[in-house]
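Take a look at this one chain, the form predicted on its own, written out in structure tokens.
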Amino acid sequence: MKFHIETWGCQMNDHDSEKLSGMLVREGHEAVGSVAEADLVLLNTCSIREKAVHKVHSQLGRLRELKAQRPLLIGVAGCLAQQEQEALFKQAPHVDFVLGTMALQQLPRLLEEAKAGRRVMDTAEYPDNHLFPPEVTQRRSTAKALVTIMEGCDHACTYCVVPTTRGPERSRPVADILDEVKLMVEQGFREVELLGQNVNSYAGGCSFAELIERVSEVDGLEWIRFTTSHPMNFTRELGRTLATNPKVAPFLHLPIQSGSNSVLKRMLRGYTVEEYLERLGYLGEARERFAISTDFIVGFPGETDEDFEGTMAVLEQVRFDASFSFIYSPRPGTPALRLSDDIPAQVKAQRLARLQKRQTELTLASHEKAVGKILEVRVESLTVTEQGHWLARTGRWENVHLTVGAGRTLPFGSLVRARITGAGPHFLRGELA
């Protein structure tokens, strides 16, 4: 069969799609670039926010019309599949199979049953699901390799569906992770991103800080990234490792969610603003060379004007280099649904706009500091863009539009030296040094 996978959500979902694609290729199926070419369309979904769910159901509506015109198998995987399960069949009767987040390796079996005309679902938890054979994964043409180190989350944030959709924390053994990283380097990758819903709580035979040190010993590896971190598990040991290990890319994403202690308490985040700031301090003098990004939820139930001013205050104090901010999105089955959500939608929108406007200014100011410097950047495009530049990225995760001389090519995935000549809020401009 010819198959097409569409992916929403986080890097973990991106990597899951690489795994799903690899399984299908191993079974003899062929990946194609569009729905129009496909006999099988697999939607790998996200349910962390209501907007992501709406996008999936909109696409399912379009696929229903297409399926009425020609034979087509439709599968739904990912967090929405795990969350809604049989309800998906009622909402979208044209779906042929539903595959949960903890049952990825059951895809070939479900596909065979769907091809036989049976509607099937598997959202069970398989203990070895996270022990996926890395050689099967069909990796995309990216400059870095995604490597899962753990799955699930044991925290109980009141707004979050991850413990439900991804299950409890399960860590891969250290040896398996090191073998995969070595394999990635042998295949030409020079950068890896270690993935988990909460990488800081990794417990596969050592601490997360120790894991980074051991991964950094792999010959040929240049940069190590990771996502996502929880402040509760960000230790002094980890801060020292990030500050002193030269292979750690100088970028840290550490979600704070709110600058109000009362809101953080209702969220059950488990830390105060003061404790969050203390953890950032674990980077020591290295804090100045690190880019720090974070997440904000605006309009959480009960958030007062004073609470929101606390968020703006912490934004000013830390001067985050980037942030991802969203209006609170009620999710099914979460404890936050029991809280009174009486903040007017207009107020939420105004708060978000103000936060994002200020963040854009701070990001621009951060980018402008790079102008005139010569930085190492990794080439992330295979060809020159229509605008006449190559795409690259700094260790601080800044996009660079790189001007190259006419007729010249750059080695995909390699580090080159770039002189930064300009800056905008979304990217840097540079030329080969």
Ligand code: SAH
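Just so it is clear, the structure is predicted and the values come from calculations on it, not from any experiment. One rule holds for the numbers: they count along the sequence shown, beginning at 1.
Not on display, but discussed next: the form predicted in complex with the ligand.
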- Candidate spot 228, 257 and 296, all three in 4.5 Å heavy atom range of the ligand in the predicted bound form? yes
- Message: Looking at 276, 234, 208, 328 here, can you tell me which has any non-hydrogen atom within 4.5 angstroms of the ligand in the predicted bound form?
- Response: 328
- Note on the structure: Note: exactly one of 29, 389, 378, 49 sits with a heavy atom within 4.5 Å of the ligand in the predicted bound form, namely 49
- Query: Is there a heavy atom of residue 197 lying 4.5 Å or less from a heavy atom of the ligand in the predicted bound form?
  - Reply: yes
- At the 4.5 Å heavy atom threshold, is residue 351 in contact with the ligand in the predicted bound form? no
- Is residue 159 close enough to the ligand in the predicted bound form to count, meaning some heavy atom within 4.5 Å? yes
- Task: Mind telling me which stretch in 210-218, 240-248, 296-304, 87-95 gets its heavy atoms within 4.5 Å of the ligand in the predicted bound form?
- Result: 296-304
